[in-house]
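One chain comes next, on its own, written out as C-alpha cells in the form predicted alone.
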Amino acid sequence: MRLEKCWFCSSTVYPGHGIQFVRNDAKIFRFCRSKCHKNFKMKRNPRKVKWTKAYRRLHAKDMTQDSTFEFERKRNRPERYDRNLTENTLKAIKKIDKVRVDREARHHAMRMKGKKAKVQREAAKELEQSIHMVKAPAVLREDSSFTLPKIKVKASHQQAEENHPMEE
C-alpha cells in the first residue's frame, strides 16, 4: 500500500482517495481533496496559503529540519522481505513517532514562550478600560481608585445655542 503526499498541502493521500492530475508533460500531481485541486488550478502558491504545510514550515510554525523526517522519505528501491527486519522496523517506527511528537511539543513550547505574558498584559489593559462592566456602579462611586480621572471641558455658550434649535 503506497501512501502519497498531496502536492499542494503535503498531507497524506491514501489509496482510492483524492484526485490525480497529469499535465501535458506527463508530470503527475496528486491532491488529497478538491480544495487543494481547486487552489492548484487557480495557480495559488502553497507557500502563501496559510493552511498548507509549506507555509507553516516557511514561517517557522512547524519544525523544518529534524532527523525523524528522514524515515518519511519515499524510497522506490524494493527490499527483500525479512521477518526480523520488518519486526525491528515496526518497533522503530513507534519509537521514532514518539521522539517526533516530543520534539514538536518542545518546538511549540518555545514558540509560545512569550505569549503568556503578552496575553496577561492585554487582559490587564482590557480590564482597566472596562472596569465599569465588572464592578457595580455603587462601588465605583465610593472608591475613586477604580475610575479614571475625569476631565472637565467647558462648552462655550455659543455652541449650546447652536445645538438648541436642532432639538425641536
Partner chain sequence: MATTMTCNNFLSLQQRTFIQMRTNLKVVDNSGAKRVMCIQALKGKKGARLGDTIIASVKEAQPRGKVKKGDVVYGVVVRAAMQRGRCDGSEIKFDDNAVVLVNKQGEPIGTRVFGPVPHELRKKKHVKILTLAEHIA
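Numbering follows the first chain given and starts at 1. Since this is a predicted model, take the numbers as computed values, not measurements.
Omitted from view is the form predicted together with the partner chain, to which the following refers.
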From the candidate stretches 33-41, 54-62, 120-128, 105-113, select the single one in contact with the partner chain in the predicted bound form, where contact means a heavy atom within 4.5 Å. 33-41
Given that the partner chain is not shown alongside this chain, does Q20 nevertheless sit within 4.5 Å of it in the predicted bound form, heavy atom to heavy atom? yes
4.5 Å heavy atom contact, A26 to the partner chain in the predicted bound form: yes
